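One chain is shown next in structure tokens, namely the form predicted on its own.
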């Protein structure tokens, strides 16, 4: 398939997930806790199932890596990575800052990414070699002259180990920490791609948590990498930096590496 046809399919997957999610938002739905104590709702499962039905029907040779239903065809060179609701806690609380994440990996490297917020109708689309779009218009990150001016976001302090938290807070102390944002999950990466946030730093992410963001952030002029500055791929450990202005990368890595 061509990149354009893959993009059309990815957008259809986002539409299908949105149709499954919207009727359950701020409505009654069933949920339970998974083995790691994180919640999963019937909306998560319905949205992923809807996307998998399309992929199984139209691209039966491609692999699928999904948060709720696991991996199919793990040896395929093309892998679709699905997180039907990134930010399930926000969804359950009625906060429309969650999103559906869709990525296509080629030999373990991200080539397409979508963040779709089905309630507000906001969609970021990124693809290798193409400018990122937000609802069809080009999205661009903003420049950041100094680290002390950077706005920093992260999903929450509970996702860092004590050791990681110390390094994160050292970085935070060197940014515009009075403007630091917790919560938001994937929505933060979309805001970064559109030039509203400068920096997102997280740890403990799974592939389906970060794969979609790479094409989106980098296609908007930013950079994504791990805490060592290495590019993100299927086997990355989940320590993630998303930066609107790549010129600040050395400053961020130095602050994260600082010993206490």
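Residue numbers count along the first chain shown, from 1. Worth saying up front: this structure is predicted, and the values here are computed from it rather than measured.
Missing here is the form predicted together with another copy of the chain; even so, the following discussion is about that form.
With another copy of the chain omitted here, the record of contacts in the model of the complex names 194 to 202 of 221 to 229, 44 to 52, 66 to 74, 194 to 202, defined by a heavy atom within 4.5 Å. Listed residues 174, 95, 167, 140 were compared with another copy of the chain in the model of the complex; 95 is the one with a heavy atom within 4.5 Å.
The closest non-hydrogen atom of residue 145 lies beyond 4.5 Å of another copy of the chain in the model of the complex. Under a 4.5 angstroms non-hydrogen atom cutoff, another copy of the chain in the model of the complex lacks residue 108 among its neighbouring residues. Taking the partner from elsewhere, residue 184 is found to have a heavy atom lying within 4.5 Å of another copy of the chain in the model of the complex.
Proximity of residue 133 to another copy of the chain in the model of the complex falls outside the 4.5 Å heavy atom cutoff.
The three marked residues, 161, 215 and 237, fail to reach another copy of the chain in the model of the complex, with no heavy atom of any inside 4.5 Å.
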